[in-house]
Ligand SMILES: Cc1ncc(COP(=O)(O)O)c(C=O)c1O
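The chain below stands alone and is given in structure tokens; this is the form predicted alone.
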């Protein structure tokens, strides 16, 4: 079956934050383009593709039954998650009791923070970092302790294990948030990297909250390895959070799930999650997952990734040939983290000035400073290729 990733969805007026919030000043939305210029959404991390047909069919089939009262998750829900992990990641041994429901990945992160730490406690996070982690830590009144990722001689983002250990020891850190694959750098961590990180966490007794929402977006032949699989100890100390929302463009439906294998860890975590009285599953979100985690959904993901890979190459090629710009070619995700430091210095412009010129031109790109990039932009290329090419033409005129 062939799926359409080349028709641009008209999302204006359809409750789409990526379009309808431009120029409103709400949240982190870019400015609106100049009059007469249509915006190209390249900021917030959702896709400008229709979701997989199997997802829509599953939602519609359930919606045709006109009763939406209280319900229990059916066997199909648990079987779908087990099927997906076995088919896509080679993981077996998941039992029903290992799976928990949460209204969102960050909600699950917050529940874990409340369960295992106290207000004011430092939490280890890598930097650059996803802004959602920063916001969640602030809301939960926890303090991020940033361990910087470093570029090796080949420009690859790497973890600094010595720095991680020193920060854990110095600050008596009990919990770490671990993003895999990593947003915004686009790293797919190799097994040896995961094993070394697991050794650091094990040596210091750190509970790991593994955000693996980008697991299905590995590129360039890289392999996603769930963190809990690298050792028996990692399996016992990890709270894994994931969702169909990123993979199938379903963020508006909410809904995520956790995998926790250690009984004691799981009981304490889920007790906190349930105490919020909001982590009750949405019936349509549940059926979206049942429809998504299928053979057809897997085929859709593979075709989508081919489109994303081509678009990432287009943008990274543009960066390579534009003096003063630099970016690591992502091994996962659909975002590129662009360092504009040299370009801004050479042209005597601030990042604010550069961003507004891009926004005026309709390139709704994201400010990278919120991800701890001092003079960076984050660009989302989950668009039809023609739209990416148009955005690059506009960017070329600005740069």
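Positions refer to the first chain, counted from 1. Only a predicted model underlies this, so the values are computations on that prediction, with no experimental measurement involved.
Beyond what is shown, the protein has a form predicted together with the named molecule; the following relates to that form.
- Exactly one listed residue, out of 238, 183, 111, 258, brings a non-hydrogen atom to within 4.5 Å of the named molecule in the predicted bound form: 183.
- Of the listed positions (101, 133, 328, 78), a single one reaches within 4.5 angstroms of the named molecule by any non-hydrogen atom in the predicted bound form, namely 133.
- Screening 242-250, 301-309, 151-159, 273-281 for residues having heavy atoms within 4.5 Å of the named molecule in the predicted bound form returns a single hit, 242-250.
- Looking at the named molecule in the predicted bound form, residues 106, 179 and 213 each place a heavy atom within 4.5 Å of it.
- The closest non-hydrogen atom of residue 45 lies within 4.5 Å of the named molecule in the predicted bound form.
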